[in-house]
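Consider the single chain below, provided in structure tokens and representing the form predicted alone.
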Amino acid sequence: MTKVDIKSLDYQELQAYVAGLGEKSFRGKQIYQWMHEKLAESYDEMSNLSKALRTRLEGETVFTVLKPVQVLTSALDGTQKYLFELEDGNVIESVLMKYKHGNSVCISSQVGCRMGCRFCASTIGGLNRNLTPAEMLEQVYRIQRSSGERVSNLVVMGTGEPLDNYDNLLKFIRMLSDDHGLNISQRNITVSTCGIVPNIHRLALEDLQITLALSLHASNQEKRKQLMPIANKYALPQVLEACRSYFEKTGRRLTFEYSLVGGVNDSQEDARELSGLVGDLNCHVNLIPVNPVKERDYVQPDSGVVQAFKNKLEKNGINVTIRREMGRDIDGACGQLRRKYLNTHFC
């Protein structure tokens, strides 16, 4: 018998499942509350359920709970990086960042990644598998329970390409923002993509209020192809047209992520070209001085180059910020902690 992934069932699906067990409907509400509001780690915590029901659930369902195998705290800014072990032995990473406006969690959407971006540690080793809605939710739940503080903002920018795990991502967003769960506002959820054009168009029709962040990282098609293999499949004009469509259908301002790589895409000409590329869009450009990855040759530009790039964009009327670096001393870049763990334990 295939076990039911109970934490990946949305509220209506859980009600139907519980009814199929011959239980009264309020039991479904109780179970959902325990999992998605009280963040229970086992059926044993569900004290208002009968022992017989808990035993049956244990036998018929998979109750996903992520196990933290490593938690690192930055001495620089208090950022915490979590390495979680999944049921099958795979590991994923998540990050808790504390700001004045609230706590933000960055989660992974896949084990590994197949996008192959040249400057990213997440893609080294390729894609292992997609994460389930439960495994994505659990990253938020374990961090909120261990920190004892509410998570108010969520970014899907960890390991993996979220739009390559489309259906599970959509279910995760809807469950996380549902008022039966943590009820995190969709306006406080950001999903990053390297530019899977068909799924950007699909996302625009989902009636969501999330922010779409496009990993742009280059000011022209040729340079983007050098940094991001996905550009060989979806050309930059196609990607930008999908972004325009997303804004037109949702009214949500776009974010463009631009990793500054020393000597590669950080020149004044790059800044001028980028201004022309996105200047007609309702957008915000987030400049990210690249985190050095030991398996790659790319380096971070010096601060003067970064500031000059920002100034050039601003002079051309672009809304731009330089992302504050978080967790630099604890392998803060996507995929670095997981990579170090795998190298240590399996090599």
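Each residue number is its position in the shown sequence, starting from 1. Given the structure is predicted, the values throughout are model-derived calculations rather than measurements.
This next part talks about the form predicted in complex with S-adenosyl-L-homocysteine (SAH), which is not shown.
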| item | value |
| --- | --- |
| Contact residue in the predicted complex, chosen from Cys243, Leu96, Cys120, Leu203 - any heavy atom within 4.5 Å of S-adenosyl-L-homocysteine (SAH) | Cys120 |
| Thr250, Asn199, Ser104, Ser192 - the one with a heavy atom within 4.5 Å of S-adenosyl-L-homocysteine (SAH) in the predicted complex | Ser192 |
| Contact label in the predicted complex: Leu49 to S-adenosyl-L-homocysteine (SAH), heavy atom within 4.5 Å | no |
| Partner proximity in the predicted complex: Met157 to S-adenosyl-L-homocysteine (SAH), non-hydrogen atom cutoff 4.5 Å | yes |
| S-adenosyl-L-homocysteine (SAH) contact in the predicted complex: Glu138, any heavy atom under 4.5 Å | no |
| Contact of Asn291 with S-adenosyl-L-homocysteine (SAH) in the predicted complex (heavy atom, 4.5 Å) | yes |
| Heavy atom distance at most 4.5 Å to S-adenosyl-L-homocysteine (SAH) in the predicted complex, all of Ser8, Glu87 and Pro133 | no |
| Segment that reaches S-adenosyl-L-homocysteine (SAH) in the predicted complex - one of 112 to 120, 166 to 174, 139 to 147, 271 to 279, heavy atoms within 4.5 Å | 112 to 120 |
